[in-house]
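A lone chain, given as structure tokens: the form predicted alone.
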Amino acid sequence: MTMKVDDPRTYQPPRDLLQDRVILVTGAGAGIGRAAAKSFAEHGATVILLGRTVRKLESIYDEILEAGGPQPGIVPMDLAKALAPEYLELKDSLDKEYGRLDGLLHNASILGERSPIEQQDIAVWHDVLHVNLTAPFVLTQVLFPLLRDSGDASIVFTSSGVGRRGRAFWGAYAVSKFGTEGLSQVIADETSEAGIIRSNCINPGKTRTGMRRAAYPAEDPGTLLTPEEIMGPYLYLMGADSRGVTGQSLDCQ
């Protein structure tokens, strides 16, 4: 049974919302990804932690176990450098271990540099588009069979306000998030008829993260919400209450 939700920002999930669900989180080592992984586990999910730094993944792994959550999985993977064999190995490993994938949170992103388009470094442009857009496309494509095997899978992409309206000096990052919105909509349209996979975007808004600090070094972080305070929409989209919701872009603030 699903519950009608008027505003995902104030969503109050049941404790067992994600019981027995298997969810992969990219960029799980810090910031929003870390908070999402812990929150998903607190609500019953078996979380696969994907990130670059093993030490950070092991730290969140330990925290989840100490809190009584299901045993997570750890996937050290650098999306800036990963090639086809690594993606395929990940798919095969998840298939063997879990047999399906119920949720996929694309959280990993890089900021690049804020500069005018006229002065945008081409290598940085390429890196930002690759990590923020191409890697999520490849990962989703490779994992489609496991998502279908769920019968009720949710793909969530991390977007941004600058992915809806372009803003000066946000260059590659803004363009990558416009692409993210488009990719999510295309997937939603392609899967809506079958109704077993839904695809949506989330715009976290002004949140106390390392990326936000790098973009706005003079900003007082104390004026920002923490990642833990914006988890409502993430939980909503990963759980059963969002069945039938696809092709949307939700705000956390």
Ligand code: NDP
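If you're wondering where the values come from, they're calculated on a predicted model, not measured in any experiment. When you see a residue number, it is the position in the sequence shown, counting from 1.
Here the subject shifts to the form predicted together with this ligand, a form of this protein not shown in this document.
- With respect to this ligand in the model of the complex, the three residues Arg9, Leu183 and Arg198 uniformly fall beyond 4.5 angstroms at the level of their nearest heavy atom.
- Here the chain stands alone, but in the model of the complex its contact with this ligand, taken as any heavy atom within 4.5 Å, falls in 201-209 among 39-47, 184-192, 201-209, 63-71.
- This ligand is not shown here, but in the model of the complex it comes within 4.5 Å of a heavy atom of Ala80.
- Interface membership of Leu147, defined by any non-hydrogen atom within 4.5 Å of this ligand in the model of the complex, is ruled out.
- A residue is said to contact a partner when one of its heavy atoms sits within 4.5 Å of a partner heavy atom; Ser160 meets this definition for this ligand in the model of the complex.
- In the model of the complex, this ligand sits within 4.5 Å of a heavy atom belonging to Thr53.
- Interface residue among Val156, Ala172, Ala108, Ala153, judged by heavy atoms within 4.5 Å of this ligand in the model of the complex: Ala108.
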